[in-house]
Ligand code: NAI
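Take a look at this one chain, the form predicted alone, written out in structure tokens.
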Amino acid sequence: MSYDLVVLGGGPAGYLACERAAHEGMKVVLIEKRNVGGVCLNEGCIPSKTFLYSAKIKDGAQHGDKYGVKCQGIEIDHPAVVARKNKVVKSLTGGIASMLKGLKVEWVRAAGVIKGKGPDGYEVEADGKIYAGRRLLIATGSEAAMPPIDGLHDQYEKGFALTNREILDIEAVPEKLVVIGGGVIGLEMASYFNSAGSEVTVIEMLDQIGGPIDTDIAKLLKKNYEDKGIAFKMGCKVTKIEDGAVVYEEAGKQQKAQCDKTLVCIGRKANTQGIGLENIGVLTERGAVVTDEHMKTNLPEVYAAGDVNGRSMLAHTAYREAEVAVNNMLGKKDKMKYNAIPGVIYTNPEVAGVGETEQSAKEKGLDVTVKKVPMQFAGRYVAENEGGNGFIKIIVDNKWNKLLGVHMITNYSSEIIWGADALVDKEMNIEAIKKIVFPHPTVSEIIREAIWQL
């Protein structure tokens, strides 16, 4: 069975590559054993957002008296939240499957293993058959990293320790939940279960939550959630997971956090094992496939996109990488840029940022101006956020007078950041940005306010 393109993996990078390639007339086969959509659609981005939206509605109703709305008996019906999550996922995965079918993309629902290169191209075995393609796209995604913590494997098997996959199907809200890892996944799940009634403790090895986000934003987000009742154990290392408890070191002393469930989310690792990369000699580093700016590997006509290359483990990065890969397959010059990849944490309030932070600019020795402006300068924010304390921070290159970074903590930031991303990506001059007309009243006007206050 010979094809123009064999795609191994049906997550965001894989299925979008199939769509783009098929639109261009390529004969495409997708090899994916599970539902299309990958981690993002089935057990990550989309499912978690259904959880968080339910929490947001509950929190809004609970504090409705600030806005003249009084409610009583407010609670989260967790089984109903899970049921709705499943409905949303089924709808979206079904839509993607229908789209691929309409484009005549063949979907082989089985695990695939690269076997070698034959007369018709790179050969992948799936369900006992060989599928050969002139080009091969590796898009096998990633999985939750499981650190070598004493007792983790046993407690995972018992169902006490969970990853992002299991937490989204949990049947009941745990009375006490310990989250190991204060990154994006950990914070979002801590946010939901705090709203759902759990007593939540977050244990983070670093001194800051949110990974590489702006330091001031990380501090404010942590304070906001401490005010909501979440406990943070910073600079602490988990040493053991046992029945009903997580053991950790804090200031050189052993501590124990009792809980009903623990969520392990200390990062992700590329899925490169067991797919046959060694059979054709694909180069990997630190467990991820090495790619250049054209998404090419070290082998001709072999590409890799999405989490499997470890460059930027975000679904929207995977989408763009897939487009770059397909364009280069077709002879269209295109390259991937990583300087303006937006990041979002869908907590309440949301956090979003793109480009250089104040800290990264300082570490690189860049000559910049940093401007921090309270969200109260946006009228709609004041109207909709009683007592809100969000802000925006912009980073401007002094030599070229262009925008290098935008970071904010406010609801709607996930819907605003794309515009800031465009400004950073296109290296727009500050004077040109001042001439952009923003709709009024919108929260997005805070970008204009910050620019004019430089």
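For every residue, the number given is its place in the sequence shown, counted from 1. Not measured: the values here are computed from a predicted model.
Not pictured, yet referred to below: the form predicted in complex with the ligand.
The site on this chain is open, since the ligand, superimposed from its pose in the predicted bound form on the surrounding C-alphas, has no atom within 2.4 angstroms of any backbone or C-beta atom. At least one heavy atom of R268 is located within 4.5 Å of the ligand in the predicted bound form.
Mapping the unseen interface onto this chain, G181 counts among the residues with a heavy atom inside 4.5 Å of the ligand in the predicted bound form. The closest non-hydrogen atom of K237 lies within 4.5 Å of the ligand in the predicted bound form. In the predicted bound form, the ligand sits within 4.5 Å of a heavy atom belonging to Y346.
Looking at 81 to 89, 365 to 373, 285 to 293, 312 to 320, the stretch with residues near the ligand in the predicted bound form, meaning non-hydrogen atoms within 4.5 angstroms, turns out to be 312 to 320. For the residues E188, E356, E350, E123, the 4.5 Å heavy atom test against the ligand in the predicted bound form is passed only by E188. A single residue from the set L277, V302, I241, I203 has any heavy atom within 4.5 angstroms of the ligand in the predicted bound form; that residue is I203. In the predicted bound form, I149 is the single residue of 125 to 159 with at least one heavy atom within 4.5 Å of the ligand.
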